[in-house]
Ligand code: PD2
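Have a look below at one chain only, the form predicted on its own, in structure tokens format.
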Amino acid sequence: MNQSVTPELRQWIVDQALAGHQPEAVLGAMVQAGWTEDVAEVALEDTLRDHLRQRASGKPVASVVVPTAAQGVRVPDADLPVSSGEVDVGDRRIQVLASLQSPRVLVLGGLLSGEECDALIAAARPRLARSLTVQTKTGGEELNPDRTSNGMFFNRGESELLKSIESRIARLLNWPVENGEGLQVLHYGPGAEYKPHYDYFDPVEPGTPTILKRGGQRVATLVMYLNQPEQGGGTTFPDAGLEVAPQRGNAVFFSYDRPSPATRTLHGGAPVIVGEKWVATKWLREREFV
């Protein structure tokens, strides 16, 4: 099927919105008609936003309200330097190795010192257990065959080391410390991986409202590499054709302004082929995480 977005399709989307149909119903109708969900979602959002721009310019168009699901929220981000490849966060100068806009991805060099990496591993090692994922059907946690690592969570600010790292992240990404989940450390042995997934909580799952009570949606992810495996273990972004190699002390940051595949933040941890991989992950929420 031709997946190009035609003027006729755009008009149909506007007509459905004017008729009072919810965006989920319009999206479902498009998918049922043969459109891929990603293309349909982008077409829906772009069409309604263009409609609002036309209204703002004074052109005579019918009134339509863009649904909340199509509107992005403010997200964390770094103030990138104009004349230098480094960001000064007070206690450290962090290199900007790569920057993408869509998806929003930053590859950062030297976010952590070697001593900090070693200290996180040492503190996490005795507390490791098989990694769980959030169960969005209930709001709890579950074992997931797509995630074959061991991990643990630190409480936010539970040590001076954690406080220092969390404050640095807050300064770098212009996001309050209290809006972050506790740092998670993961250990991957040979063959371990985390298949491509999204970090936001699916709005249609029944357990999501319970999860969101603790601080709203996740809006960004920071993955920090605590060591360098001999082979494999990169962080992949299939929609962007990007793979970030794990380098000790470096990190990859990405944000998502709405819980939608249109953010192109599908990502995964490629299998470790030789050696082991240690990472520390920080998820950032819309509001204070409690």
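All figures in this text were calculated on a predicted structure; none of them were measured in a lab. The first residue of the sequence shown is number 1, and the count goes up from there.
One more form of this protein exists, namely the form predicted together with this ligand; it is left out here, but the text below deals with it.
Interface membership of Arg214, defined by any non-hydrogen atom within 4.5 Å of this ligand in the predicted bound form, is ruled out.
Phe289 falls outside the set of residues with a heavy atom inside 4.5 Å of this ligand in the predicted bound form.
The closest heavy atom approach of Ala17 to this ligand in the predicted bound form falls outside 4.5 Å.
For the chain shown alone, Asp199 is a contact residue for this ligand in the predicted bound form, at least one non-hydrogen atom being within 4.5 angstroms. The partner is absent here; in the predicted bound form, the one residue of Thr263, Thr235, Asn250, Thr47 having a heavy atom within 4.5 Å of this ligand is Thr235.
Note on contacts: among Asn144, Gln184, Ser167, Ser159, the single residue with a heavy atom within 4.5 Å of this ligand in the predicted bound form is Gln184. Of the candidate stretches 121-129, 107-115, 94-102, 189-197, only 189-197 contains residues with a heavy atom within 4.5 Å of this ligand in the predicted bound form. The partner is not shown here, but in the predicted bound form the stretch 252-270 reaches within 4.5 angstroms of this ligand through a heavy atom at His267, Gly268, Gly269.
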